[in-house]
Ligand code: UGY
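Shown below, as structure tokens, is a lone chain in the form predicted alone; questions about how it binds or moves come after it.
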Amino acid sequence: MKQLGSTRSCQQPNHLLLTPDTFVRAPLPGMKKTTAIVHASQRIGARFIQYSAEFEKDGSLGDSRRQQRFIYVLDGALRVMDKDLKPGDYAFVRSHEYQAVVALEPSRALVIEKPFEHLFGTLAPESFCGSADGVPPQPLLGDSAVQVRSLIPNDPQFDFAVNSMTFEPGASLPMVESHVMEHGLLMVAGGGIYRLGDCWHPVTEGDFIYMAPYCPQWFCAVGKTPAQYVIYKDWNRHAD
């Protein structure tokens, strides 16, 4: 028993904080030499699935042709669409298309899966690979201390967005946000304080946060090094 059962993990009606000390690993259907830590799913009310995949060498993900899939490499190296992806690289695989995801060495990746919501008058997006380093950072509302990289093109073909956000020490979101979009967020570096609803949570690398629609939210980076997270939101579609 660690610290007599204490943990920062917390579930509230409008948000969830999961910390690595409470992660439980299990394979998902079709996985080979790979395990998953499921962070968010329909069971908590989310309209997407997000998990961390931990691969042995030659490990692979199962087929997810019924859904779109986004893969962001955290450690190691993966091969997707005949491309070798290193940490910070990512791939988007459109719905109804199978692309093998195979580890070239022990690896970890963030994985998001979501049914595609067709928008009349637009075509379904094509699959692609990219690198966060290749996306020019943009200051958030003119604040150069908060840099945003949009990993999914801002195009109505896509029904969700994934952004990498980096905060210099002491930098924060400019306001408390509350909106119709839901979020899945993985801290990938540094730490800080996250306000979620009426709760204030210290967060650090490895933590996962789910934010339900209209959950009040605000973040400030704390420490001597920048804080960074990768965040999902539903986008470009009417709420129903």
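So that there is no doubt, residue numbering starts at 1 and follows the sequence shown. Everything numeric here is computed off the predicted structure, so don't read it as measured data.
Only in words, not in the display: the form predicted together with this ligand, which the text now covers.
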Any non-hydrogen atom of residue 28 within 4.5 angstroms of this ligand in the predicted bound form: no
Interface membership of residue 58, this ligand in the predicted bound form, 4.5 Å heavy atom rule: no
Contact label in the predicted bound form: residue 210 to this ligand, heavy atom within 4.5 Å: no
Partner contact for residue 173 in the predicted bound form: this ligand, 4.5 angstroms, heavy atom: yes
Contact assignment for this ligand in the predicted bound form, among 152, 74, 165, 132, heavy atom within 4.5 Å: 165
14, 217, 228, 19 - the one with a heavy atom within 4.5 Å of this ligand in the predicted bound form: 217
Answer range among 119 to 127, 103 to 111, 165 to 173, 76 to 84 for contact with this ligand, defined in the predicted bound form as heavy atoms within 4.5 Å: 165 to 173
Sequence-ordered residues of 178 to 197 touching this ligand in the predicted bound form, heavy atom within 4.5 Å: 179, 183, 194
